[in-house]
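Presented below, as structure tokens, is a lone chain in the form predicted alone.
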């Protein structure tokens, strides 16, 4: 690593809170699906900042829009109107079918808002004891107290308990348990249509059907967390519709700003009518810079990007399935569009992120033994093919290292 890299790590070690286990690489620039480190080495990026750099790196249109907006007006607060917020909200309503938008700064904040608005809905109806939330095993919704309370997993939860009470977890593969858990005291069910951190696991169709039926029977609100799987990531606008779900609220983030922090909670009209002035707020939420970035992303999404993701996903799926067929270290391949999880053996999982880095490929491990791929939505066919070859080599490197005899 260069002198710059050494300096960066030394300063971070002294002054940055140590909550991230970083890979030993300092990234300094990028273009499209590739990034470059401080030594000038190039990497193919199959993670896109955990699904955030949706239009790739250094996107010319986004860079120009951000520069133009910075030269005009960045922030006014929500004490005043500005020209962009309503237009972005209108376009999202057209995509989602949910009439109202609350702007915030991240997917976690969007989840937090959805939980608050669900509680507010029942309070406005006079049903103040209807406070229960049902969530799923394997879920990840964020790290604030509300979002963490509906996130599964002792490692996330235990150091911060007690969390928000009245939350019940059920298996996404147990439709009967879900039906028993959702009652007339349940305020809302929150679901990731495809669990991301939980290993890229789509909710089974039988569970989705049971969820839709039980919410309809009890009046329970449905919150779809589409922070990772929404906004075109699967080759569809939102994956909840693929499962036959019609959410009352939806949390969005990640891809929406294409790298600029922005989140959104979407609400149907009946929930929105229960929300009053002062019930929630955000100083930065919906600022001009974030809305300008979201507009650039929505232009791309509505201009053929969803269809391109669907086609790219077919190519990537075929390559991953061929890779799984050829490697004993690779098991199930799950996902859709440009969101994929690859089960690998535990010994390979321990090394594959590092061997991929050595091969000039950025990937991620989640849920213990799952390689997760979230490339930019703009990735081209040639980059897909090259990434698949580098991934094949990285998996072989990892498997070979684990089989070598001890010296």
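Positions refer to the first chain, counted from 1. Source: prediction; values computed, not measured.
Just so you know, the form predicted together with a small molecule exists too; it's not on screen, but the next bit is about it.
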In the predicted complex, which of the listed residues (102, 140, 297, 238) lies with a heavy atom within 4.5 Å of the small molecule?
140
Residue within 4.5 Å of the small molecule in the predicted complex by heavy atom, from 85, 327, 106, 218, is 106
With a 4.5 Å heavy atom cut-off, would you call residue 265 a contact of the small molecule in the predicted complex?
no
Given that the partner is absent here, does residue 179 sit within 4.5 Å of the small molecule in the predicted complex, heavy atoms only?
no
Does any part of residue 254 reach within 4.5 Å of the small molecule in the predicted complex? Heavy atoms only, please.
yes
Give a yes or no for residue 174: in the predicted complex, does one of its heavy atoms lie within 4.5 Å of a heavy atom belonging to the small molecule?
no
Segment that reaches the small molecule in the predicted complex - one of 163-171, 190-198, 128-136, 92-100, heavy atoms within 4.5 Å:
190-198
